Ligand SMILES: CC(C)(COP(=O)(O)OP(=O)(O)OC[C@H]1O[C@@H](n2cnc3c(N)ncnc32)[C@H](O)[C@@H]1OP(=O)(O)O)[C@@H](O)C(=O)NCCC(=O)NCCS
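As a starting point, one isolated chain is supplied in structure tokens, in the form predicted alone.
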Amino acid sequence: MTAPIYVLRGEKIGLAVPSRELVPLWTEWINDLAVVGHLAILSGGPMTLEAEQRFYDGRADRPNDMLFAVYELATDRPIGSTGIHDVDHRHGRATFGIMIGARDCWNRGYGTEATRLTIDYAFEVLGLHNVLLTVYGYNKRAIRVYEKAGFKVIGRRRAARRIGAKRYDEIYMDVVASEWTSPVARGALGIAED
């Protein structure tokens, strides 16, 4: 596998430029119900390698979406992906998504650090002001990650997610630049702290 090109590095993980050679691994993760059950893309059907390749190749048609590969720094191993989506520069807003697909990397702080680095990029590099995410009420682990990263609950859509016979709330969370302290990007940009 080609060495990653890092955009931002934290203590344990780095955000890197995604490469096409990661598509088979992402396809594997997207077809793992333990991984995808927490994502908005759960559709009930398998994702083919060809469909995931089309999604990757179509990034050029989505200039308002930024995708990063998440790597474990100690091993330079890809462990997930994260993204800033629906970037609206006029209003300074976007949405956030993350997938840590390597199950052995769960509960190790990687998701929190990847979230912080991605939001840091959104605020410090892109100059955005507000980043929104949605998470499902049953995903307590992700809610804790997002809260640790600085997100706050701003509302919920009741019983908006059905899995089997059960319904769950969709929780809306956001973070704003005026409440943000840059962990990495300001230093990477050569900006002294105020």
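The first residue of the shown sequence is 1; numbering continues from there. Quantities reported herein were computed from a predicted structural model and do not represent experimental measurements.
If you look for the form predicted in complex with the named molecule, you will not find it shown, but the lines that follow are about it.
Tell me, please, which stretch of 121-129, 162-170, 146-154, 55-63 lies within 4.5 angstroms of the named molecule in the model of the complex when heavy atoms are compared?
Within 4.5 Å of the partner lies stretch 146-154.
Please check if residue 100 has a heavy atom lying within 4.5 Å of any heavy atom of the named molecule in the model of the complex.
Answer yes; at least one heavy atom of residue 100 falls within 4.5 Å of the named molecule in the model of the complex.
Using a 4.5 Å heavy atom cut-off, state whether residue 35 contacts the named molecule in the model of the complex.
Answer yes; at least one heavy atom of residue 35 falls within 4.5 Å of the named molecule in the model of the complex.
Residue-level contact is defined here as any heavy atom of the residue lying within 4.5 Å of the named molecule in the model of the complex; does residue 39 satisfy this criterion?
Residue 39: yes, in contact with the named molecule in the model of the complex.
Examine residue 48 and determine whether its closest non-hydrogen atom to the named molecule in the model of the complex is within 4.5 angstroms.
No, residue 48 is distant from the partner.
So which of 89, 77, 85, 108 reaches within 4.5 angstroms of the named molecule in the model of the complex, heavy atom to heavy atom?
In short, 108.
From first to last in sequence, which residues of 134-150 have any non-hydrogen atom within 4.5 angstroms of the named molecule in the model of the complex?
Heavy-atom contacts within 4.5 Å come from 134, 135, 139, 140, 141, 142, 144, 145, 146, 148.
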